[in-house]
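Just the one chain here, laid out as structure tokens, in the form predicted on its own.
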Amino acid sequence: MNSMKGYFLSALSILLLLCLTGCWGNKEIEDLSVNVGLALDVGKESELEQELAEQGATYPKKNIITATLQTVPVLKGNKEQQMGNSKSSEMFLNTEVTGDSIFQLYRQYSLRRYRPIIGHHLKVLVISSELSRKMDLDKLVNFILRDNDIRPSCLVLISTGKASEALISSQPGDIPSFHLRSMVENQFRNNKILAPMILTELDGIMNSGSSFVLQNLVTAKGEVEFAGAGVLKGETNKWIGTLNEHEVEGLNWIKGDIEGGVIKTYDKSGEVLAYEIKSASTKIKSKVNGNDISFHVSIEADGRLIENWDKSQVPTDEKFLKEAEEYFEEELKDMLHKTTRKMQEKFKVDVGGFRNQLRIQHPKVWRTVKQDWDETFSKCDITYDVNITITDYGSSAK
């Protein structure tokens, strides 16, 4: 009986050993180049690429796109770092490749770097407005959306200048792609930051034919800053212009994407008044009267009077608080009207989510206008009702 039990245990042990085969076909992480950032610009070969091409490093292609691939980690003294350009650091390596097929550009990486590149941890995709003005965005993200290695949670941004400059940092120990991905989390602090646009959401919007916005950024001397939003027309999926920071604030109020931030204005003496947003809500009501479509937007906010420069005005005074609320309401209304005019008169696109409200509230009407909605939207009457409440004035009031 004991011998049978011994045979059984031995057989079970062998079976378990066969199951624990491990990942024989995989490579260790230190033998891979982890792609964390991708920037796409209008195609222009770098000096390094031109020198390599002169020595025979060429293949059939059109120089339409320059892709900058940011990879980590790059160990100090690594041979690849010595082969890179001045945009490298000990924390990351930027490699520029120029051509047409983005998939092929990724494969070309293997001709210059010995460690295979993997895209499982791609954090951010930055596209220059110049490139997105010339090319359909769907073409630029086609491979990225279809590649199973790249996570659909990758953040998509647009850049006023060269997209590759967003992947450069002047801060020691900073990895630009991680930095950019984390910056969107500051939306609760600043209402000039758009809700994050990730690959899966972008794919759905492009398939729906809707016009949309992407967070815009600008760069200077190794620093990057969010500055307004790029507007892309749904009919073409191409960049058509930019909303400034003030208009992005208005857009966030319209879309109900306010998590926090500030409303700043000036009183009758020209002195600063600042309001800290604690909570906010937006409701959009669509109305249909024959062939006329209109919208009424109701906005409410609670917050704190956090700053007033006029020493003659005491924050504890009820009359002053009421006047301050009116100043803030007028400032917000002005912001909303400027944003609306930019959408309707200059760009003639709906990037404020009005189409969704009409589709939900009047589905039959929506089916008749959806094919040419941007043009229809540009003629709609939009009114606003704003109610700002000051709930407190901070911990100190003299």
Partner chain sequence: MFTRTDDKITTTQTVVIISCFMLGSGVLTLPRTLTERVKTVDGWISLILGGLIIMLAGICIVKLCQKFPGKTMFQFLKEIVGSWIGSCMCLLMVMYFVCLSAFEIRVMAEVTMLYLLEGTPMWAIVMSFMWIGLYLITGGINSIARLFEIILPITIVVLLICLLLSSRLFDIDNLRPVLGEGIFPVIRGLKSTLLVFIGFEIMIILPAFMQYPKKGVKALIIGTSIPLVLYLITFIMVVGAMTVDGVVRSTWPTLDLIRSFEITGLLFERFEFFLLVIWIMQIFSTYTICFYAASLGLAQLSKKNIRPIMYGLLPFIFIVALLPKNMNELFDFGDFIGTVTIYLFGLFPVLLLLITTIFRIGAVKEDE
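Keep in mind that what you see is a predicted model, and the values were worked out from it rather than measured. Positions refer to the first chain, counted from 1.
One more form of this protein should be noted, the form predicted in complex with its partner chain, which is absent from this view; the next part is about it.
Q: Consider the chain as shown here, without its partner, and state which of 235, 147, 271, 223 has a heavy atom within 4.5 Å of its partner chain in the model of the complex.
A: For this set of options, the contacting one is 147.
Q: Which of 48, 360, 57, 32 has a heavy atom within 4.5 Å of its partner chain in the model of the complex?
A: Checking each option against its partner chain in the model of the complex, the one that comes within 4.5 Å is 360.
Q: Residue 278: heavy atom within 4.5 Å of its partner chain in the model of the complex?
A: Because no heavy atom of residue 278 falls inside 4.5 Å of its partner chain in the model of the complex, the answer is no.
Q: Just to confirm, residue 123 within 4.5 Å of its partner chain in the model of the complex by heavy atoms?
A: Residue 123 belongs to the contact set for its partner chain.
Q: Given that its partner chain is not shown alongside this chain, does residue 310 nevertheless sit within 4.5 Å of it in the model of the complex, heavy atom to heavy atom?
A: Answer no; every heavy atom of residue 310 is more than 4.5 Å from its partner chain in the model of the complex.
Q: Do residue 206 and its partner chain come within 4.5 Å of each other in the model of the complex, heavy atoms counted?
A: Within the cut-off, so yes.
Q: In terms of non-hydrogen atoms within 4.5 angstroms, which of the given stretches 163-171, 293-301, 115-123, 324-332 touches its partner chain in the model of the complex?
A: Of the options given, it is 115-123.
Q: If we check its partner chain in the model of the complex, which of the residues in 151-166 reach within 4.5 angstroms of it by a non-hydrogen atom?
A: The stretch 151-166, when checked against its partner chain in the model of the complex, contributes 151, 152, 153 at the 4.5 Å heavy-atom cut-off.
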